[in-house]
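Below you will find one chain, with nothing else, as structure tokens; this is the form predicted on its own, and questions on how it binds or moves follow later.
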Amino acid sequence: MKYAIIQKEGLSKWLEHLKSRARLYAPRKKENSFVFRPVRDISEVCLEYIPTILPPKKYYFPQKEKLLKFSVRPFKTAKAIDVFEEYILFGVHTCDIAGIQCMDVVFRDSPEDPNYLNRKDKMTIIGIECLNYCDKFANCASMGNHNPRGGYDLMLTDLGKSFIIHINSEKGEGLVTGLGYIREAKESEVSLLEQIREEKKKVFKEELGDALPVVYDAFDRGFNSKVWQNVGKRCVACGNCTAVCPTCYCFDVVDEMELSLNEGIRYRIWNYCQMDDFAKVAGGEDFRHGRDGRQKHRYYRKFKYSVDKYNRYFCTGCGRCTRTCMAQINLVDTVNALLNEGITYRTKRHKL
């Protein structure tokens, strides 16, 4: 089967089946936001949600991860990596799946990261396709992530009374075959999916002021732009934007000692380029001492450096950075301001 059908009344039964196969994580409501959590009660699973506070990244790249145990006298080290178990991420938006694909590129690059790869091998991704904008902060259409583009095992799309499931891997096929309430999709149902995708074109519009190649060119010449000074003046260096980003992968390594001061555990923890001390080195030198420099670096990591190195934009369009910014710095407005500077530059050059 390439496509399968499950009626909405059969969804709870399927979720119970998934719970029996592996540890299941899904979005659920938390006060005025949403979070990915282990599924204990099927009724808590939300399929209509704005992007969660933290992306599902926290399950395959943990916020605090054990690396090794050690003792000083006698000096010994031993692996302290947690045992990896099979798990399923259910209801993942296409923008967050794009984030997982970005992380794959990074951690598979030489030297490969075995902790990440071991977790990823144990993971099954079941996505859900957005048919409307999550909210006003998303820029997924400009980034090309409003439609499924691979990186998942199964993808659900709402057809009204049922979900059509795109089967994209052998692992995913094993989760839908042999179940009486899931059947192969008919041609008419696949045609309906195509119609829905056509209707989406009327809903999702380019949020950025120009196409991505033009955006890249704007970053190529905009390193000394006044846009960064303006953003830096407003930034309060809270670090929220990088803390919630699905493609930020910077980390620090810390040792925590026991009270005996003879034994301890080494951890890998998330770190953020927006923190004041992030780029400080010996001698007090700071490569990005200003907030304008740190913000500029963040944008360049999404729209230029990653393209140069991995041929991928590392902004997925999820809108989390704008949504959580205490200073109300808007990613779309910032990029469009840079694009507008480029228009002025091209106009002046043309007149010359």
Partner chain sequence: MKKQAKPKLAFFDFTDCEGCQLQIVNMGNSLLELVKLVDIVNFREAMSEASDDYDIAFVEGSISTDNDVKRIKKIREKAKVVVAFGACASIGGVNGIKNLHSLELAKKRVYGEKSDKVNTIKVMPIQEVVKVDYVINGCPPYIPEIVSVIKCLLLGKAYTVPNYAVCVECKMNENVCRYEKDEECMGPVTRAGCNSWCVNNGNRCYGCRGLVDNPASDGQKDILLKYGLKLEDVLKHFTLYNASSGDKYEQSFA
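Numbering follows the first chain given and starts at 1. Fair warning: this is a prediction, and the values are worked out from it, not measured in the lab.
Heads up, the form predicted together with the partner chain isn't pictured, but that's what we're talking about next.
- Though the partner chain is absent from this view, in the model of the complex it lies within 4.5 Å of a heavy atom of just one residue from L67, I42, V35, L47, which is V35.
- For the residues A78, L259, V281, A211, the 4.5 Å heavy atom test against the partner chain in the model of the complex is passed only by L259.
- From the list 120-128, 91-99, 170-178, 237-245, the contact stretch for the partner chain in the model of the complex under a 4.5 Å heavy atom rule is 237-245.
- Interface residue remark: L193 is not counted as part of the site for the partner chain in the model of the complex, having no heavy atom within 4.5 Å.
- For the chain shown alone, Y272 is a contact residue for the partner chain in the model of the complex, at least one non-hydrogen atom being within 4.5 angstroms.
- Within 4.5 Å of any heavy atom of the partner chain in the model of the complex lies no heavy atom of V307.
- Among residues of the shown chain, E31 is one whose heavy atoms approach the partner chain to within 4.5 Å in the model of the complex.
- Along 304-334, these residues reach a heavy atom to within 4.5 Å of the partner chain in the model of the complex: R323, T324, C325, M326, A327, Q328.
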